[in-house]
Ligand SMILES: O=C(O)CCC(=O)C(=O)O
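Just one chain is shown here, as structure tokens, and it is the form predicted on its own.
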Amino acid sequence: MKTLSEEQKIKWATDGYIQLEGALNPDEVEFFSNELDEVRKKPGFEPRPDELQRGHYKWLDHADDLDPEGFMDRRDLLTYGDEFIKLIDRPNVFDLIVDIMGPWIVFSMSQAIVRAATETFPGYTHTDGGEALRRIRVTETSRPLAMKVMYLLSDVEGTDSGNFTVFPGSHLRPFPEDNAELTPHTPGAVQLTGKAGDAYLFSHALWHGPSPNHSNKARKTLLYNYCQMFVRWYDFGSVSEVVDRCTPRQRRLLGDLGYDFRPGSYFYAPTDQEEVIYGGAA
């Protein structure tokens, strides 16, 4: 399996993120971009902050905005097609995730976000994992509890274009140090640019978020999340319903341990865990 370069290792350890150029090829970018246009018309989980607790999603008949350039935040994408499933362990990206996290991991979440161009959205920053994880910090050499890959399906140029915004190094120290409110324009924030097909790998503990989008186009992204096996997945109450369409490695990443659940499952990995993860998608 492919591993991080020395430069990438330093970047991950010190900044908490890595940018991968050309992680998806142009045909794949076009395919997934078109798929997101169709996904918003279909039933799925969408946020309902006025009805549910913060961060929770509700099953709806379709997205609120059916304009392909409008806002969308859709969860649990695997049911929409095999190509979404294949993305779980895409070798040129998944190899690096395993190098960072180790093989004792599960896939915990998929998400499609379209950030519409608008003058009203101010952007925001946060840590994934909520209030707890931002207080759990690791050393430069520790494996993360959880991390994400974000695939760009749109070019992001300049600033305030819906940029993925990060505070480099914020995963390693108490942050913000003065309890100030953080925004994409707070000193120290870096608004990343990239081409459609690029991907960002980043730690859950890194402060990050979307900038305002004052460009003339929407920013489309896919996010896939991974966590250590003892951390619960986010998108399904038990093993995902799509496992019958998956390879052995994908099944394992979706929680199929090869036996029915029993006390102690996921706390200790199956004896063939490394073989399944390192052995490839066959």
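This structure is a prediction, so every number in the text was calculated from the model and none was measured. Numbers for residues come from their place in the sequence shown, where the first is 1.
Just so it is clear, the following notes concern the form predicted in complex with the ligand, a form of the same protein that is not shown.
Asker: When the contact criterion is heavy atoms within 4.5 Å, does Met150 count as touching the ligand in the predicted complex?
Answerer: Met150: contacts the ligand in the predicted complex.
Asker: Using a 4.5 angstroms cut-off on non-hydrogen atoms, would His126 count as touching the ligand in the predicted complex?
Answerer: Result yes; His126 sits at the interface with the ligand in the predicted complex.
Asker: Give a yes or no for Arg40: in the predicted complex, does one of its heavy atoms lie within 4.5 Å of a heavy atom belonging to the ligand?
Answerer: Output for Arg40 is no: heavy atoms all beyond 4.5 Å of the ligand.
Asker: Would Pro184 count as a contact of the ligand in the predicted complex, using a 4.5 angstroms cut-off between non-hydrogen atoms?
Answerer: Because no heavy atom of Pro184 falls inside 4.5 Å of the ligand in the predicted complex, the answer is no.
Asker: In terms of non-hydrogen atoms within 4.5 angstroms, which of the given stretches 250 to 258, 236 to 244, 28 to 36, 219 to 227 touches the ligand in the predicted complex?
Answerer: Looking at the other structure, the answer is 219 to 227.
Asker: Which residue, Phe164, Phe107, Phe167, Phe84, is the contact with the ligand in the predicted complex, using a 4.5 Å heavy atom cutoff?
Answerer: By the 4.5 Å criterion, the partner-contacting residue is Phe164.
Asker: Sort through Ala116, Val93, Leu192, Ile113 and report the residue having a heavy atom within 4.5 Å of the ligand in the predicted complex.
Answerer: So the residue touching the ligand in the predicted complex, by this definition, is Ile113.
Asker: Which residues from 191 to 230 come close to the ligand in the predicted complex, meaning a heavy atom within 4.5 Å?
Answerer: Those in contact are Phe202, His208, Gly209, Pro210, Arg219, Leu223.
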